[in-house]
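Listed next as structure tokens is one chain, alone, in the form predicted alone.
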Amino acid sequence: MVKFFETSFTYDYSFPAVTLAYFLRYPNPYSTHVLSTDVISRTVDPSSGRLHTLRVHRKSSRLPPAVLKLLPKSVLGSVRGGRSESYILESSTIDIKEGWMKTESKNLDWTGILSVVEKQEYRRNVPANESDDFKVDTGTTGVVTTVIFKSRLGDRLRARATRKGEAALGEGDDEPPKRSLLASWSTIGIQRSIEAIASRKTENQLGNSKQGMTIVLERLRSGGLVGVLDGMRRDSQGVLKSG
């Protein structure tokens, strides 16, 4: 089963400012769970001028207690106090001339339990010839966010229950044992529960992401790039103290 939802938002800042803030958004007061960010590659397409960037984010994540109760210890691995570290792979492409940026982020850990893919498309909301500078107050920028998540654990458990039912039929039974049917219901319930919890958590995280981006943009407006870097340094110190 695959679930997804889509949301849109408009930043009252120019497209160049928003894209700059996107790459400078960690750390901020709403992203204290982000421990580090590393650039894997960054290239410019010589024919189109598009910037392609691949980054990895290391985050401290906490599994909801409801999920911990659903999953067997063999699947959870090393989780202490419900908290573990995870990695997010982020790819992005920017076309500054056409005024758009597309990003995709996906988890590299826990993929056997839940796969989450977040796609964003940023668009400049002013005519292309009106402004190509980095003035924060020029124009607005719209973003559409799509999140897709799939509980692969539920798929595996349900497939296992199906195989058991087919094996029972092969032994001459006229219909699958009731136990296999109940097991199938149980795996569907686990899958739906995991996806529902992930959906609620993702919606909360998107709200925090908007708040964090807004803070970075405000710092850019009031203090320029120096103001953003000063804020990042303060936030980094705060994360170290809290850790």
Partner chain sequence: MSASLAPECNEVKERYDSCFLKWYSEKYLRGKGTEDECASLFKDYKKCLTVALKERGIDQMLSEARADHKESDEIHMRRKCECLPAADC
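Just so it is clear, the structure is predicted and the values come from calculations on it, not from any experiment. Numbering follows the first chain given and starts at 1.
Beyond the structure shown, there is the form predicted in complex with its partner chain, which is absent from this document and is the topic of what follows.
When its partner chain is considered in the predicted bound form, only one residue from 96, 144, 148, 126 comes within 4.5 Å through any heavy atom, namely 96.
Proximity of residue 54 to its partner chain in the predicted bound form: non-hydrogen atoms within 4.5 Å are present. Although the partner is absent here, residue 33 lies well away from its partner chain in the predicted bound form, with no heavy atom inside 4.5 Å.
Contact annotation for residue 29: none of its heavy atoms lies within 4.5 Å of its partner chain in the predicted bound form.
Using a 4.5 angstroms threshold between heavy atoms, residue 41 counts as touching its partner chain in the predicted bound form. Of the residues in 4-25, those that come within 4.5 Å of its partner chain in the predicted bound form through at least one heavy atom are, in sequence order, 16, 19, 20, 23, 24.
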